[in-house]
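Shown below, as structure tokens, is a lone chain in the form predicted on its own; questions about how it binds or moves come after it.
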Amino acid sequence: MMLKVLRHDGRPETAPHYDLFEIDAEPGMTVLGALFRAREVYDDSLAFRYSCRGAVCGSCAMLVNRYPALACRTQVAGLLAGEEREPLAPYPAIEGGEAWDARTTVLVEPLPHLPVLRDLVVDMAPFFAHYRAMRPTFAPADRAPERERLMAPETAGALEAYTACLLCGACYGACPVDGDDPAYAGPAALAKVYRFHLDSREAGDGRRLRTADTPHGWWRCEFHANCRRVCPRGIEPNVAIGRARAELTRRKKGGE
């Protein structure tokens, strides 16, 4: 198989280009494994980010065959066999551009909507700036009890739907709105706000919802649902956003 990789040295005066590497695709090889092989055999300057290699840390999110994904869990054989993936709502970063033969070649590019530092390594600072702006830490409504704080099983189940986020940025790179509006908080940050809103150990007074009650928060989402389609943990930020909007609307009608 061939591995086609977008290369860029990060300098604005330098144009990006594609390099093609011939790789022996062994059974079980992932895209991350293919990148390691390309670096070992052909070019040790090839830059990409990784850590756990087990789909836990989220470091290796990138655009694989024009689809945001974790390189460490994406099998080369599946890509070459044309395994179906849920189609994404179109946006410029996945349309047009460099052509490739998906039967023989895997195309790897950096995650969209974020500045490229070098090759496949992007600057995650804009993503984490939105995340931090939502104050994504537990804020208890009362003083620490002598023993643990308790939570009803149904509440725990509801918020667990949003707790497994890897912060990989795949949803951010898949969101057409993030591509148009850099001020938009993005799916991961909004899902985290909603997770804490559901947490019964916090005040439950709508304070969390109001954190993102802005033109670039809940109300900027256009419900393309790409965030849900690409999330490696099956989180549905679009569902959280829809529920947050509905509750905010109810609260405002009720005079809150």
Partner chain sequence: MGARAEVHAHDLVIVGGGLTGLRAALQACRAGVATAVVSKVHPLRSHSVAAQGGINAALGNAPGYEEDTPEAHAFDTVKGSDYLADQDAVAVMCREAPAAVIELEHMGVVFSRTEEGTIAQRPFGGAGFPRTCYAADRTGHTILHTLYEQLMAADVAFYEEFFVTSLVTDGGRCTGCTALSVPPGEVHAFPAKAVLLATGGFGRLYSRSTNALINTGDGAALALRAGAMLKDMEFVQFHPTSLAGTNILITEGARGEGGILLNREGERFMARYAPHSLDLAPRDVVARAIETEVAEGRGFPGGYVHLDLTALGAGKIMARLPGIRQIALDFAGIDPVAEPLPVQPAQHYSMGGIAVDDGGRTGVPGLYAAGECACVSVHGANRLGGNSLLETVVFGRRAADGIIDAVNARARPDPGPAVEAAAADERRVAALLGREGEEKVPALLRDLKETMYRSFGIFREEQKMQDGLSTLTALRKHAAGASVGDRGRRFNQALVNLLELEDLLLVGETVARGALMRRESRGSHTRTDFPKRDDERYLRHTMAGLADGKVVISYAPVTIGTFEPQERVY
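Predicted, not measured: the structure shown is a model, and the values here were computed from it. Positions refer to the first chain, counted from 1.
One more form of this protein, predicted in complex with the partner chain, exists but is not displayed; see below.
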property: Of 88, 183, 117, 141, the one that lies within 4.5 Å of the partner chain in the model of the complex (heavy atoms); result: 117
property: Contacting member of 93, 177, 107, 166, with respect to the partner chain in the model of the complex [4.5 Å, heavy atom]; result: 166
property: Non-hydrogen atom within 4.5 Å of the partner chain in the model of the complex for each of 40, 47 and 75; result: yes
property: Exercise: residue 192 in contact with the partner chain in the model of the complex, heavy atom 4.5 Å; result: yes
property: The partner chain contact at residue 147 in the model of the complex, heavy atom, 4.5 Å; result: yes
property: Close approach of residue 100 to the partner chain in the model of the complex, 4.5 Å, heavy atom; result: no
property: Partner contact for residue 10 in the model of the complex: the partner chain, 4.5 angstroms, heavy atom; result: yes
property: The partner chain in the model of the complex - contacting residues of 210-237, heavy atom within 4.5 Å; result: 233
